[in-house]
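Below you will find one chain, with nothing else, as structure tokens; this is the form predicted on its own, and questions on how it binds or moves follow later.
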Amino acid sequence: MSIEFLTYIFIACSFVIYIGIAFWSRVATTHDFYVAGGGVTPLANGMATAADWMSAASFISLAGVISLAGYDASGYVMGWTGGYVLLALLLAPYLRKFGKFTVPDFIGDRYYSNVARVVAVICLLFISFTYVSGQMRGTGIVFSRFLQVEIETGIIIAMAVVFIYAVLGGMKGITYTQVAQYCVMIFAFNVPALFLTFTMTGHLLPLTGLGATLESGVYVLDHLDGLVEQLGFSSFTEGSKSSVDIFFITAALMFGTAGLPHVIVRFFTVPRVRDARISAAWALAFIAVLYISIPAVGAFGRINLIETVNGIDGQGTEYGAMPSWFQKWETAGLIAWYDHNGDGRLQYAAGGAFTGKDQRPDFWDVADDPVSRSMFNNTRPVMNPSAGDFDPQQQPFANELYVDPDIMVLANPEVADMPKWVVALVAAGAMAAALSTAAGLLLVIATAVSHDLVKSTLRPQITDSQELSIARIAAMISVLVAGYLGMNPPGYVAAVVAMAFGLACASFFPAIIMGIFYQRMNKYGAISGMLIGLISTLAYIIYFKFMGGTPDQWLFGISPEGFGAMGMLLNFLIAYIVSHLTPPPPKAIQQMVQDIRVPRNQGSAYY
């Protein structure tokens, strides 16, 4: 039985389960659509929250980024996990006690202003659409490789599935679908992780295997350091990013996690404040099951890639001798090779893809190569061995290989020659990861439009059924926009998601944290702070990602992925200054803030 056929079976079965749950849990009221009626148990909510939060970036891309970037990617692991702790301890219980449907709902009421509510909706749309583009990209990658269809076709299929269960079931359907998706996802990630760890080190757990020794007696990380340094890369355990950039990336991801609207809304679905705390603890435990395996999967994947491509002797592998998975990923446009020195062998070394020693002759025309043309923006610099650019006796061989970071987890089972059913299982898990987060994001977009923009601001007189219809229409439009963004993403999955976290960090986190803990914060400070944070971060990202900005122009050496933390500081500063130059909030609002933080009637069922 072929890998493709097995993958069809695994993914089709999972889709049947998801759609079946949607029909079983279809809703008829906005309360069910927005927050699942507020009756989800802490255990189910914890599992659903973990699935919602662990997106395609966690499942597909993070281990790949760690594999190719090493220490430079540590900020992703520290930021995302640390941020969830921050969210669970500082925000979730208080927001649940406030008892609203959405983050803009909280901001609109806390800051007694529909203008603040609309600004929050705008921030939510920027964050969510940036984030969802990475999820749709992830589904397209899975389909393109494993089901042998174009990335765009895969995204369209994913759009249809998400539309069915998000529009029918709302938050109720999404919650129980995400419980199923978590089970698929965690099983799919850890089976190959355990297999890979055991075959390479004899250890069963990836966490201990990362510090184990190989058959040669050399520690795993020492062996990997040696491999990458011999090929001209920086040491895997040291990296090349500055400490300042690592700090700001970690901070942006950490505080951005605490401001993610699709994760925050999950804590509105449980009956009591106490349940919000318990479900946060469950979610953290469920998240840890995957995250403790990611660094090992990244390290083992890098070793396997180097040894497969360069061969045991380090001289490269003949193209015709490469396993079938290589040509299939090549067809998908996510691996590419150009034979610099004409020896018919693949060679993977330091340097940007196809640049080698930065020799950039323009004699090679890529007009007949659509994959390269789309991937490298009509340029594919190469070295010309006939012109004498390349002498393997005088310098290391040039990099002949392009590897998309998003394929490392998906390709790992085939690279390690695992059973075919494991390969198919990983594909189903990756699909579950992308769809679970995409559905959550699309729901908060629909909720923000129908409840916060239409019901609370533009047309307060509409009925519950009319509001539900608007929510479903908004979800349908959101799916279409998300599909377009997935087909035209601004980068690989983890980088795109990091930008979304940066926007959440710069816009929502200060407004929420000051709204809970600082009674003097008023609507003027909150509005100006959110706008400054969002605009400054968005402008920085656009300039350096789309307008030709170069790393030597980074402010204080901070990359676009980390600038959200700087935007957050600007938000705090402006909000504080403006709030003290303008009238304080009404006494009723100040009392409400105090009531959120100070428990009362602790013997009641509410707590």
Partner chain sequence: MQHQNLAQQYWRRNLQIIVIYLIIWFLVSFGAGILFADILNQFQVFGFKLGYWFANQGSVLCFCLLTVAYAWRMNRLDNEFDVHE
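All figures in this text were calculated on a predicted structure; none of them were measured in a lab. Residue numbers count along the first chain shown, from 1.
The same protein has a further form, the form predicted together with its partner chain, not shown here; the description that follows concerns it.
Partner contact region in the model of the complex: 77 to 85, out of 317 to 325, 188 to 196, 497 to 505, 77 to 85, criterion any non-hydrogen atom within 4.5 Å of its partner chain.
Remark: none of the three candidate residues (10, 20 and 183) comes within 4.5 Å of its partner chain in the model of the complex, counting heavy atoms only.
Checked against its partner chain in the model of the complex, the candidates 416, 214, 207, 156 yield a single residue with a heavy atom inside 4.5 Å, and that residue is 207. 94 is the sole member of 329, 402, 163, 94 with a non-hydrogen atom within 4.5 Å of its partner chain in the model of the complex. Using a 4.5 Å cutoff between non-hydrogen atoms, residue 520 does not count as a contact of its partner chain in the model of the complex.
Although the partner is absent from this view, residue 463 stays clear of its partner chain in the model of the complex, with no non-hydrogen atom inside 4.5 angstroms.
Using a 4.5 Å cutoff between non-hydrogen atoms, residue 598 counts as a contact of its partner chain in the model of the complex. Residue contact with its partner chain in the model of the complex: residue 247 places a heavy atom within 4.5 Å of it.
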